[in-house]
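As structure tokens, one chain now follows by itself in the form predicted alone.
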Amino acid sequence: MPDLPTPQGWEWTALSDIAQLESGHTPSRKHPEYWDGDIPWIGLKDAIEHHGKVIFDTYQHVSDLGLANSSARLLPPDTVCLSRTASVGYVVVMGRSMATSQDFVNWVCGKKINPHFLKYVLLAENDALLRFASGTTHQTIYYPEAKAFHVCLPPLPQQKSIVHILKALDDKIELNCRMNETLEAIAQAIFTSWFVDFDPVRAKAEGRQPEGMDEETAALFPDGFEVVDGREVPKGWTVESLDCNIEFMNGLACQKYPPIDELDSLPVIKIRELNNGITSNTDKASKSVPLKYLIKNGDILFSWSGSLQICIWSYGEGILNQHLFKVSSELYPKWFCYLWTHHFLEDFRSIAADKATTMGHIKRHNLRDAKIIVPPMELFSEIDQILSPLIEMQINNAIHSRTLAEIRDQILPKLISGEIRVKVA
């Protein structure tokens, strides 16, 4: 409990006085009948993926028998869960009745505390929580420390007003995320139909009108196939290597460019940043790197070793680290580079997985061996008018979400501490 002035009307309260502390447990793996039941069971992977959100389902489920033969308990909706060991500090709120592993400390909130307010308190105090963790191999917050947690609590109506503000930002971020998933699915479906399965060409070859397409666009597709470089492709289309007109530029060893000071530095984008964005753990390097290694929003990044993945970057300026390709083309639009590289991602992952003795990776010749199909320029332009806006909307949504998250993270500690007071609705 910090020695700080308490906002008027607020009071420091032992969390255990207003919320029931609960633990979790893992039913025995030796009994298959304890698993694959109907009860969601929160593990660390669930908490990491849903950090700061309400969780409605989990990767693993336990059975009634598993629950009965373990120390795990079925906890009610709105239970707040904090990961306390290994990966400390991940917070989720149960959207329905669930159990958790022993990696969590859980609070069933009473009438004096809003569960979402508690969630935001734990998010705001994440760095402070880590100071309660101890251990040499795995950092752990033990239950006596969790029982000692105190919160500075405003009256319940004010808690709800604070939650309303923060939740509005989180809801918009979540909406943007779902919108981008939909846009990605639409772009992937169109690409697969037209460039992989050749549905419009097959329809015309069979004397049918291509589905979901106006006559003007349909007229640009051929009505048959021909063999090019040993493979059947639509008439007039060409075949080339993935890296023929698409550049895959590898990053550089950023440790050779240490930052001189904060103004001189930019975040170093590694595989970790593709997953988590820019965090306090992100390394920095000097801006003095060659300009071609500077990354900006909208650039396509492809990790060619470790966990192979591709994304369109939206976390601001950074410097491209080695083991990442920046994918670009002077000839083709962004969607064409992204979707074709994404199309081969599973093949590349299989190639990397076969390298059992080294860290999985692909080589330059794997890019050359991957063949893409290129339509005539007139049809290319027509398709570009459909797919480019979808990709640009994804980029704009992602940037918008990042801005909202920055605003939320800036006001969160001020709202939770009472530094910013809000009117009660």
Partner chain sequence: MARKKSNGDKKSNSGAIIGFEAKLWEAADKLRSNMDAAEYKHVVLGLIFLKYISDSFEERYTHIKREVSNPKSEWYVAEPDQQYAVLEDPDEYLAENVFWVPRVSRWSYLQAHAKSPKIGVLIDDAMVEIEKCNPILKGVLPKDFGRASLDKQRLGELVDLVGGITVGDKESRSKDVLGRVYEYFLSQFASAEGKKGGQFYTPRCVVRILVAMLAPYHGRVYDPACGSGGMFVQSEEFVEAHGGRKNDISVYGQESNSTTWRLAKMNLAIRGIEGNLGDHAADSFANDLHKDLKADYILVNPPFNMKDWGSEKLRQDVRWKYGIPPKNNANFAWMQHFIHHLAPTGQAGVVLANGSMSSNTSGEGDIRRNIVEDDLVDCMVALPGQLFYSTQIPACLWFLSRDKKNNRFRNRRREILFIDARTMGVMVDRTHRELTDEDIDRIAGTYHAWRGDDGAGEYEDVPGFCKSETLEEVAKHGYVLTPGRYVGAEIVEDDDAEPFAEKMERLTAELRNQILKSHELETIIESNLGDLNYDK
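Positions refer to the first chain, counted from 1. Throughout, rigid core stands for the largest set of C-alpha atoms superposing within 1.5 Å between the two forms. None of these values were measured; they are calculated from a predicted model.
Quick note: we don't show the form predicted in complex with its partner chain, though the next part is all about it.
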If we test each of Glu240, Glu226, Asp223, Asp347 for a heavy atom within 4.5 Å of its partner chain in the model of the complex, the one that passes is Asp347
In the model of the complex, the residue from Ser286, Asn275, Ser329, Ser193 with a non-hydrogen atom within 4.5 Å of its partner chain is Ser193
Non-hydrogen atoms within 4.5 angstroms of its partner chain in the model of the complex: do Thr182, Ala189 and Arg421 all have one? yes
Is there any non-hydrogen atom of Glu232 lying within 4.5 Å of its partner chain in the model of the complex? no
Is Ile411 one of the residues lying within 4.5 Å of its partner chain in the model of the complex, judged by heavy atom distances? yes
Contact between Met393 and its partner chain in the model of the complex at 4.5 Å, heavy atoms? yes
Decide whether Ala19 counts as a contact residue for its partner chain in the model of the complex under a heavy atom distance cut-off of 4.5 Å. no
What stretch, of 313-321, 74-82, 161-169, 106-114, brings heavy atoms to within 4.5 Å of its partner chain in the model of the complex? 161-169
Out of 392-413, which residues reach within 4.5 Å of its partner chain in the model of the complex, heavy atoms considered? Met393, His400, Leu404, Ile407, Ile411
Once you overlay the rigid core, does the Cα of Gln60 travel 2 Å or further between the shown form and the other one? yes
Determine whether the C-alpha of His31 shifts by 2 Å or more between the shown form and the other one once the rigid core is superposed. yes
